[in-house]
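In what follows, one protein chain appears twice in different forms, each by itself as structure tokens: structure 1 and structure 2.
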Structure 1
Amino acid sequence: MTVAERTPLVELQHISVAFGGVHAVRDVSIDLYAGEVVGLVGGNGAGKTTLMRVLSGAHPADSGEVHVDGKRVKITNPSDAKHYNIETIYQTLALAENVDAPGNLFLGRELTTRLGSLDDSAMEAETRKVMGRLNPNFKNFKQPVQSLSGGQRQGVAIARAVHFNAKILIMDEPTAALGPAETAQVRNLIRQLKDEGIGIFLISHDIHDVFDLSDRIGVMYHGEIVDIVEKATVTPDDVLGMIILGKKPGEVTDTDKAAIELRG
């Protein structure tokens, strides 16, 4: 499998985003192939979410290019991203609290009757199907998502992202609020989607999750990419070192190691 000869699903090239004086993302380039999971790790505020929001159309990049299937594209709003089959599970979930699960799942893409009215029954039926795969115990189809547990809400957000035939899936800490059983389900889902040829950016603070699921791992530090490594070539400790120090394993000095020891 010569990866280099295929066209990547997505290429982010030299992306920069600044908030006032804060360089949240600085000259970051990363790509993603079909059927691949790229883990994105880094400390809090490293710029992972901001980078992915550029790809989701949630935030414009100050500079840089986005290529999908080898062609340069302009993604200026979330609809554009959806047009390219880029779906996102946001860290904040981005659910309308006062709307029920089917309403949220189909938000912006409602099923309608012939006369253009909302077809709530059809949407509920679809939602029951998707949720059945993700969280079979889920029963609250008529309540505002506000009244759901954190994990159930995350389930709704995940269901929304996977329902619409994503080709590129961005998962920003998708299991942060999930119980062990549900987490296992999401891991299975990720593997399944990967087998279907979907490319996945997976942001997670759980190094084991990332090692378990990713093919490659990108490490961010203060808005910049430290390195993008094949999982097989590194150990979890190497990655941890990169996250904390912002240096590649070869560049780590003894004083750095001492500093880590000190911090515990």
Structure 2
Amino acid sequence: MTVAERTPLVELQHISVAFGGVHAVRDVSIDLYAGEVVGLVGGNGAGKTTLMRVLSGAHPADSGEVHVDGKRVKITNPSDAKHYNIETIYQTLALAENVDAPGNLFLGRELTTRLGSLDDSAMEAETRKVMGRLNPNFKNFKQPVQSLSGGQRQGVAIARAVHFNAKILIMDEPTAALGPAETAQVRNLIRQLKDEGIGIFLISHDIHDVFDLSDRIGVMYHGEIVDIVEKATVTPDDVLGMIILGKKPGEVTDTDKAAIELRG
């Protein structure tokens, strides 16, 4: 079955968002398929985070439509997004620092006993199960997450999304501020999620991350999509040109290339 014959997991159609008179996102359309990573890149203020905030329910679109599994849906808040199995892992991770991994996994969705008390053993058992699948080496189930490494913390945030049946995952700068070993660990987690059929929108400033993990790359510039390209058809320099100049690779002149080199 070709991509054209498949139904996207999610499709954003003609999304626009304005703050006052400034168009943060202007008429943007992008889709995502099961088992695919779409990198979303652009300079600061390009609109990529605002676009994903529409999908996550954090900010309403002024116009446009969202389709999940081919059906138009209304996402007005994060609860709506979760209903459609859309989960977001923010750069800040949104973890409770003084709470352990099971407590964070079930934060806001705690399991309780028949008597109404927290069922700590059940939550730990479920956490061990999901972490065992994602990261068998994880052992620190009873430590506050503030004592975990950056890679382990990212793993807890990913486990929380996966446990609650995420089909569409928005990841905002997942390897920011991580060392090489932890970056490799998180990249492996992303590949595993992809293999399990989860679709991932990957927001990143790291071109290496984007090229290592993405199948397609969407480049935004001043609130608009410059192009959405198959990774195999472009080079990092092509993508940088789109980010800096807002031009597709075939539109970049020698003068433009010289300007990019000077800025690099």
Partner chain sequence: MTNLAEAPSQSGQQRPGTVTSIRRLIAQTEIDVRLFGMLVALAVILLTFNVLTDGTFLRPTNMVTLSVQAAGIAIIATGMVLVIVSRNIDLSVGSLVGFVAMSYALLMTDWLPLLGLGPDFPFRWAIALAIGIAIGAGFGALQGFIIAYIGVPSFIVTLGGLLSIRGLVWYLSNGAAISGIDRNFQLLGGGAQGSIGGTLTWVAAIIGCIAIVALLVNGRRQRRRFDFPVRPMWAEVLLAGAGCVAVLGLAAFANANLWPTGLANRIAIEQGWGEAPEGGWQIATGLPIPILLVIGVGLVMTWLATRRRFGRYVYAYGGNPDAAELAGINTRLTILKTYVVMGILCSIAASISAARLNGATLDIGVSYELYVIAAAVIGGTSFSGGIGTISGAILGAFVMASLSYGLSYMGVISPGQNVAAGIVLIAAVGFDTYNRRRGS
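Heads up, when I say rigid core I mean the largest set of C-alphas that superpose within 1.5 Å between the two forms. It should be emphasised that the depicted structure is a prediction, and the values quoted were computed from it without experimental measurement. The first residue in the sequence of structure 1 is number 1, and each one after it adds one.
**Student:** Go through 1 and 2 and tell me the one that is the form predicted together with its partner chain.
**Tutor:** Looking at both, the form predicted together with its partner chain is number 1.
**Student:** Is there a C-alpha shift of 2 Å or more at Leu107 between the two structures once the rigid core is superposed?
**Tutor:** After core superposition, the C-alpha of Leu107 moves 2 Å or more between the two structures.
**Student:** Core-aligned, does Leu118 move its Cα 2 Å or more between the two structures?
**Tutor:** Yes: Leu118 shifts by at least 2 Å between the two structures.
**Student:** Rigid core fitted, then: does Val73 show a CA shift of 2 angstroms or greater between the two structures?
**Tutor:** Comparing the forms between the two structures, which are aligned on their rigid core, Val73 does not shift its C-alpha by 2 Å or more.
**Student:** Once both forms are fitted on the core, what is the Cα shift for Asn140 between the two structures in Å?
**Tutor:** Between its two positions, the C-alpha of Asn140 lies 8.1 Å apart after core fitting.
**Student:** Having superposed the rigid core, state how many Å the Cα of Leu93 shifts between the two structures.
**Tutor:** Its C-alpha shift, to one decimal, is 3.6 Å.
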